[in-house]
Every structure is written in structure tokens, then in C-alpha cells.
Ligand code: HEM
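There is one chain below, alone, in C-alpha cells, taken in the form predicted on its own.
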């Protein structure tokens, strides 16, 4: 079904962005001045606004298409139908099933985080050389630190279910390599979820490093 295809495509596009974004922000822990140079250079690129429009389209299209798909499936199964359950066994399967049930909540939290994040760091773009200082100022507020950490956990749970769902919708989950794809998807969910959950705390706790604007 075409809707399922676009749910998968938009989801995988967002996952690719998250992986790149985690690597970029992670530079702040190891090389703060390099991170500032990277951020300044990135914000000067002519193609960045087009990329942001594409990401916004994916970020809004993915949940809207998913809601449409859920409504169609609910209507097809009928109001008395029970939730679908996996027949596979194991600790990962229980966690994946929980992640599937929490998809509406994790997705809603991610949308809330996205709105807050854009207001804080995109629509009021920090000046060159002050990106990290602005991020650290934002994270000093306990509610912001909690929201950023919770959003990382939500991203991991969302991906735990969504990665396998995406490859299935694209017709790639055949028996020959299903186990490897599931393992890879779960590893990616763990990596991104843990990274975005722990990175805000690591940035707050890192030793102070003097930054020179334009370094």
C-alpha cells in the first residue's frame, strides 16, 4: 500500500537525520571548537533551508500518514478487535511489543520536543561561535534537561518498533535475512536512543572549556 511505503520512507529519512545529527552534536564533547566551526559552516550552506523544508515535511508527514494508516486498520479490524500480538518469544520481543503499544505516546513526545527544540535553537539561531554556549544555557533549566532526555528515550522506543516496521513495509524483511535486519534495527534503536538520552546530561556535566567566538 502506498501509504505504508511513504510511512517507511519518511521514517527512514528521519532516522538518517538523527544519526547524522547525533554525530554532529557529539563533536561538542570531544572538540568544542571543532563543533562551533562545523555549526557555523553548516548554517552558511545555501542548501540548508531546502534540507530543513524536506525534514519538516517528513517530520509532519510521518505522523499524519501513520494516524491515517492506524484509522484505516482499526476500521478494517472492527471496534471489537484486540491489538495484534507478536508470536515470537524472548526479552527483546516483549520490549518491542511494549514499544509498539507506546508508539502514539512516544511519537507525541517527539513532536512536542521538536517544537520546543526549534523554538530554542532554530527560530532564534545562536550567533556564530555561540552554538554550544546556547545549548548549555538551554540545558541548565531542569525541565529542558528532562525533556531532552525523555525525547531520547522516546526516540529509542519509537525506533525499536519502527525500524522493523519500515523494512517490512518496503518488502525487505524476507526470511533469509530477517534476523540480521531485526538485530541491526534494534542495535540502531539502542545506539540512537542511548545517545540522545545521555548526550544532554554529558554536555551539562562536561568540564567547562573556554570557547572563543570564531575559534
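Positions refer to the first chain, counted from 1. Quick caveat: nothing in here was measured; it's all calculated off a predicted structure.
Another form, the form predicted together with protoporphyrin IX containing FE, is not on view; read the next lines as being about it.
Asks: State yes only if every one of 110, 114 and 122 has a non-hydrogen atom within 4.5 Å of protoporphyrin IX containing FE in the predicted complex; otherwise state no.
Replies: All three within 4.5 Å in the predicted complex.
Asks: Would you mind picking the one in 27, 172, 57, 42 that has a heavy atom within 4.5 Å of protoporphyrin IX containing FE in the predicted complex?
Replies: Looking at 27, 172, 57, 42 one by one, just 42 meets the 4.5 Å heavy-atom criterion.
Asks: Among 102, 118, 128, 133, which has any heavy atom within 4.5 Å of protoporphyrin IX containing FE in the predicted complex?
Replies: If I apply the 4.5 Å criterion carefully, the residue I get is 118.
Asks: Does residue 200 reach protoporphyrin IX containing FE in the predicted complex, with heavy atoms at most 4.5 Å apart?
Replies: Because a heavy atom of residue 200 falls inside 4.5 Å of protoporphyrin IX containing FE in the predicted complex, the answer is yes.
Asks: Using heavy atoms and a 4.5 Å limit, would one call residue 206 a contact residue for protoporphyrin IX containing FE in the predicted complex?
Replies: Judged by the heavy-atom cut-off of 4.5 Å, residue 206 is well away from protoporphyrin IX containing FE in the predicted complex.
Asks: Decide whether residue 12 counts as a contact residue for protoporphyrin IX containing FE in the predicted complex under a heavy atom distance cut-off of 4.5 Å.
Replies: Contact check for residue 12: no, nothing within 4.5 Å of protoporphyrin IX containing FE in the predicted complex.
Asks: Tell me, yes or no, whether residue 52 is in contact with protoporphyrin IX containing FE in the predicted complex, where a contact means a heavy atom of each within 4.5 Å.
Replies: Yes, contact at 4.5 Å.
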